[in-house]
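Just the one chain here, laid out as structure tokens, in the form predicted on its own.
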């Protein structure tokens, strides 16, 4: 439905530089320029400076388990083929023929030995290497260097707990260095069983007239909205305690705009330990790789929501599949895929541990779709308010007057007794996690520099320059 065809940014436009500076200085005072959410120049620069240099999630091992398996995915505006070759290696390739740039793959997923361009028939193997073309001898003879004309491949591909990430910039730090302390939280969320997790179904995809950053920022630390935006969920008694969700929310900042909300759901009863997984599932978990702080955290106040910069978000919460049913934790991975200024596609996967039986897995899937599918009771609330932000960012009145958004909740300091990774906050008020998102955004946008792992003192930057 939407096709973005803006030209690439040329150098540092003064308007863009001024806006980035306003974001940085605004965060010192708890303010954010509204036009960051829907601006053509900002969007073009994000595609180049953020999605062109950061690590982006593209697929899960369980989606491409066999040789020749592939899926089509997105890195910014680029469509990529994620395929497993005969050596087991995952290749991430730009879905554009090197001859005349037509797309070589038009299926969302499948299994194949090669990709053949429908325009002139140039053919590539599962690794993306040039494999041949019609009338090759007559058309090219020995003039075509086969090694030089394979599909373009992402220079860096790596995985964590089965989640496959790709980076388009060879200068960016390797994935594990890039993620830093976030790895420990990912191990606690996704790595509790040797068989790991599996995608239950292909991602659901739908268009939202909102900026991709609205979703990413919301999931990085905003539990404050729940008692208002999702009040209907409580009024319907689907989740009676929804108004208290922000009260029991804690914050976990891993630095570099990778952060999680942890909910102390054990206040609702001991059955909600470990996200509410039943004893027969918990008994299969391996906690040996977790330090004591992380083990206690996932028992009592497990990470339920989070964002890994730029657009990978996670959600796990106990919820019934139907009103009045038994709460069971579902696991959702969502990608806020940019499409155009103020427009995104929301890609939503449902995951379950591979050790869980099929009947329970189906229950988990239904719970996730019921809450956060395209017609989910929570999803409809979130996407509606995010669309309002994009409208405000388009407003000539707001732009003329340089309107700033409010990020000035009272500050709290991190818990000095916390011995786990990152910094832990006793509640999510203070908007520190959202501030961290915007400071990372500004850093990447400043000069189009390469995303690298930061030094410890660089990772947690508070308002007013505090460390």
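Residue numbers count along the first chain shown, from 1. Here the structure is a predicted model, which is why all the values come from computation and not from measurement.
Keep in mind that the form predicted in complex with ligand UNU is missing from the display, and what follows is about it.
Asks: Could you tell me which stretch in 313 to 321, 153 to 161, 203 to 211, 189 to 197 has residues with non-hydrogen atoms within 4.5 Å of ligand UNU in the predicted bound form?
Replies: Stretch with heavy atoms near the partner: 313 to 321.
Asks: Please determine whether residue 225 contacts ligand UNU in the predicted bound form, using a 4.5 Å cut-off between heavy atoms.
Replies: Residue 225: yes, in contact with ligand UNU in the predicted bound form.
Asks: So in the predicted bound form, does residue 305 come within 4.5 Å of ligand UNU, heavy atom to heavy atom?
Replies: Within the cut-off, so yes.
Asks: Quick check on residue 250: any heavy atom within 4.5 Å of ligand UNU in the predicted bound form?
Replies: Output for residue 250 is no: heavy atoms all beyond 4.5 Å of ligand UNU.
Asks: With a cut-off of 4.5 Å between heavy atoms, is residue 382 one of the residues that contacts ligand UNU in the predicted bound form?
Replies: Yes, residue 382 lies within 4.5 Å of ligand UNU in the predicted bound form.
Asks: Quick one: from 294, 245, 333, 105, grab the residue that has a heavy atom within 4.5 Å of ligand UNU in the predicted bound form.
Replies: Spelling it out, the residue with a heavy atom inside the cut-off is 245.
Asks: Could you spot which one of 184, 230, 84, 74 gets a heavy atom to within 4.5 Å of ligand UNU in the predicted bound form?
Replies: Selected residue: 230.
Asks: Quick one: in the predicted bound form, does every one of 57, 172 and 178 get a heavy atom within 4.5 Å of ligand UNU?
Replies: Not a single residue of the candidate spot has a heavy atom within 4.5 Å of ligand UNU in the predicted bound form.
Asks: Listed by sequence position, which residues of 363 to 398 have a non-hydrogen atom within 4.5 angstroms of ligand UNU in the predicted bound form?
Replies: Heavy-atom contacts within 4.5 Å come from 372, 378, 382.
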